[in-house]
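This document opens with one chain alone, in structure tokens, the form predicted alone.
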Amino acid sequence: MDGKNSMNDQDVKLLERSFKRYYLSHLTEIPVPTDIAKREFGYKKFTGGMIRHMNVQDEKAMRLLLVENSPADVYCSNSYYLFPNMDMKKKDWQGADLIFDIDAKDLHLDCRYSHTCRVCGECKNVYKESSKCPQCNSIKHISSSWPCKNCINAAKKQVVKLVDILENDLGICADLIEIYFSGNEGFHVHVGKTEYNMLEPRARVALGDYIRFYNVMPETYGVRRSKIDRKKFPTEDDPGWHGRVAKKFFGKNAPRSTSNTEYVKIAEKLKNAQYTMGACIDMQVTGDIHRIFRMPGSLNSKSGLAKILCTDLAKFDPYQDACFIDCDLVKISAQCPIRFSLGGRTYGPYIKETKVEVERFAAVYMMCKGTAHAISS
């Protein structure tokens, strides 16, 4: 969810001003995409609408785009084109970086319900634990999730599994793999120029299925309905999924049976292993070579946090390390039923609409999630 649907003119002005201050003060720290002139750029404004099919020739032009437009979100293609500003059919595709998206919302964690609220589509009231708005009885709403530490840690575990597969199964050098916090609920993993850059969408989907350990057949691991031959089982020394499967299911302590019914059991185990052994990546992102993707260093309009490089994933704390909006005090009207921590401080909950003065980064965070509005000073 983002809070743009519930914003008024004052909200838009405060957010545009806050984002512009970020871009002005951090302009030289924002990384310039490689082969920038061959990529398609796009951006969104807080007032809505997507502008894309843009060509940005160099670093100076990119920085001008950020400062002049105060965009809510900025995007850049993972593909390279001869003519990035043309219509899609005329761009002349030249290849695309591998990019993977891991989002906590796709992990179906038990904690999610506890930190999700609803913004009424009619009266904009914010509420929890009710199927309809307690103020106007409307069932129209937009969900607003406030990812917690458990969400971020769970997403990190998926990143670790993904990177292990990229390095050890696909042979991608660690120096070519970059891990970014997405600016909201997860991580983006970018892979620089490799032999995989020329893969077409169908091949990228197949690669994604391999990474997810999706739709695996027992026969791949020597298990057949008619006959189970232990000699064809993989060993722990085998590379890739064969070795992982051997350790998980065919290790020294794992029971081995030659009964035909064992096939069904193993098939079920392999199916369930998708969720425990495979990396949970967004396949719509992996297979789409014409997507424009959130640009590193830009702010995310769903939170006001920055998409930044994680040099130490284990220690990375997005609520400290990705919070760059200024800390001067601003007045807002908040109705935020979720207690949250940001920039080393804790805020809320504000069960009823409450006028408060908080640091700008906290005001922006609540406004981006549709639970606060600006008050004119």
Partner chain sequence: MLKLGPVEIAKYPFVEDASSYIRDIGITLEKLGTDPDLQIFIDMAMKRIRTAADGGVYESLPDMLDKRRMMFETLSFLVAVILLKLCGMQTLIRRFALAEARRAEKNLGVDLRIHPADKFELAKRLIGDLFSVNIEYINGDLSVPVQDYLTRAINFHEREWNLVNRRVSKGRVYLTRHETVRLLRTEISSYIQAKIRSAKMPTMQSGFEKPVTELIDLAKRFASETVIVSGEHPPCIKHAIEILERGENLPHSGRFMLATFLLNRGQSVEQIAPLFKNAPDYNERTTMYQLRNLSGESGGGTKYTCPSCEKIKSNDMCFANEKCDGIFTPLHFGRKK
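Positions refer to the first chain, counted from 1. None of the values given here were measured: they were computed from a predicted structure.
One more form of this protein should be noted, the form predicted in complex with the partner chain, which is absent from this view; the next part is about it.
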property: Contacting member of Asn85, Asn125, Ser138, Asn168, with respect to the partner chain in the model of the complex [4.5 Å, heavy atom]; result: Asn168
property: Residue (of Leu199, Cys111, Ile177, Met277) lying close to the partner chain in the model of the complex, criterion heavy atoms within 4.5 Å; result: Leu199
property: Which of 71 to 79, 181 to 189, 234 to 242, 142 to 150 sits within 4.5 Å of the partner chain in the model of the complex, heavy atom basis; result: 234 to 242
property: Distance check, Ala206 to the partner chain in the model of the complex, heavy atom within 4.5 Å; result: yes
property: Proximity of Val264 to the partner chain in the model of the complex, heavy atoms at 4.5 Å; result: no
property: Contact label in the model of the complex: Asn215 to the partner chain, heavy atom within 4.5 Å; result: yes
property: Thr220, heavy atom within 4.5 angstroms of the partner chain in the model of the complex; result: yes
